[in-house]
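Presented as structure tokens, the chain that follows is alone, the form predicted on its own.
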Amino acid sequence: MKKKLIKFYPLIPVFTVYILLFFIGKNVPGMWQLVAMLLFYCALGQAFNIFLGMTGYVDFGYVAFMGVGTYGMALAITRLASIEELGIGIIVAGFALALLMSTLLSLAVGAVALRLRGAYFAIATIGVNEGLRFLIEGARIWNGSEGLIFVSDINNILGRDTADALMTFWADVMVLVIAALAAVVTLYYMRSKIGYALTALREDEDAAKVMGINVTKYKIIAFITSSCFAGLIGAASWALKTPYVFPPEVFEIQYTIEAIIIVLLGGAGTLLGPVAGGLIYGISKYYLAVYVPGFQLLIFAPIIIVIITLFPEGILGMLKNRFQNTGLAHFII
């Protein structure tokens, strides 16, 4: 029985961090805004790590999946707003549509891009993100560049008080739940046949093929899973928290860059790494913006370079090596 429980030990520090963040934000006045941002970055890092950390492939178009997830929630709310009987069920429908749209996009992109390797894959994914944005704007899909604004729809469906609570609190709680689910899926993959196959292709894809591993199959599994979580994050943290959608904002490549930084800071391919990276990045960004506004990027850039130079495997990579022969090794992976 104990051996079966040991495999879940790595989730303890992850969930502990999330619970602490929740209670700090809920009970310390003025802290919820910072906690909400930290939860977003942790969730983003956990989701992105499923693909980057396990395959070594860098998806520069990752924000596209967050964008279509945001549109999924927005479309569900605006198109179903007239059905009063749905009530809170319209939010469930929004998440379902966000999941469906991000899955379909990942299948379309993966079918082409995952045939490429290295820089060619990265270039292809950048094109997907920008191409999708300009397609929506140019063809006036989903209201084009004018976007979708659905504050009144949410107020009419849920009532003003419930809608306010959803936008200011429950949307962030949903991001927390998504981050926790991403951690569980990551651990499952790491301890299953999927994780072993992904590790093999990350280390040497050609050797993995020679060993009989269907590398394309496992890359697609990681790609779709990571993309689905991105869609859910977009639906919760963008569509529900700020109930409007504009293409230039939801397809902003800055979020992909932030996801890469978070994963590399914490440790690619680790479970706790994206959480550590999200906390370091989020706290640094927040307080630098408060105390040295306008200079935060100038200061933060060399900090990132120093950390990545000193810890090339990330913060958690360093801790794993230090505690690999101790009892803490069961908790740090």
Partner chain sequence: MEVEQLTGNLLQGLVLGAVYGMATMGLSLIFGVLRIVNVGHGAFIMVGAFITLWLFNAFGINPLLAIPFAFMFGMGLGLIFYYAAIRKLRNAPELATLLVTFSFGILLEEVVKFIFGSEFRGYNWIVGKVNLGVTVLPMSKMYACFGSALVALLLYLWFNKTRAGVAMRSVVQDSEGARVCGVNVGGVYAFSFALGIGLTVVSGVMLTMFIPVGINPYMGGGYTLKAFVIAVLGGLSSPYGAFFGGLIFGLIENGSYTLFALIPGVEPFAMTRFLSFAMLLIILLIKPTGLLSTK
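Positions refer to the first chain, counted from 1. These numbers come from a predicted model, not from an experiment.
Here the subject shifts to the form predicted together with its partner chain, a form of this protein not shown in this document.
S.K.: Pick from 153-161, 96-104, 131-139, 223-231: which stretch has a heavy atom within 4.5 Å of its partner chain in the model of the complex?
M.R.: Going through the listed ranges, the match is 131-139.
S.K.: How about residue 29 - does it come within 4.5 Å of its partner chain in the model of the complex, if we only consider non-hydrogen atoms?
M.R.: Judged by the heavy-atom cut-off of 4.5 Å, residue 29 is well away from its partner chain in the model of the complex.
S.K.: Mark residue 289 yes when one of its heavy atoms lies within 4.5 Å of a heavy atom of its partner chain in the model of the complex, and no otherwise.
M.R.: Looking in the model of the complex, residue contacts with its partner chain do not include residue 289, since no heavy atom lies within 4.5 Å.
S.K.: Although its partner chain is absent from this view, report whether residue 169 comes within 4.5 Å of it in the model of the complex, heavy atoms only.
M.R.: Contact check for residue 169: no, nothing within 4.5 Å of its partner chain in the model of the complex.
S.K.: Evaluate residue 244 for contact with its partner chain in the model of the complex, applying a 4.5 angstroms cut-off between non-hydrogen atoms, and reply yes or no.
M.R.: It does not: once its partner chain is placed as it appears in the model of the complex, residue 244 has no heavy atom within 4.5 Å of it.
S.K.: Taking its partner chain in the model of the complex as the reference, which of 257, 83, 177, 184 has a non-hydrogen atom within 4.5 Å?
M.R.: Looking at the other structure, the residue within range turns out to be 257.
S.K.: Counting any non-hydrogen atom inside 4.5 Å, which residue from 63, 39, 276, 264 sits next to its partner chain in the model of the complex?
M.R.: The residue in contact is 264.
S.K.: Just to make sure I understand: among 272-296, which residues lie within 4.5 Å of its partner chain in the model of the complex, judging by heavy atoms?
M.R.: Stretch hits, in order: 294, 295.
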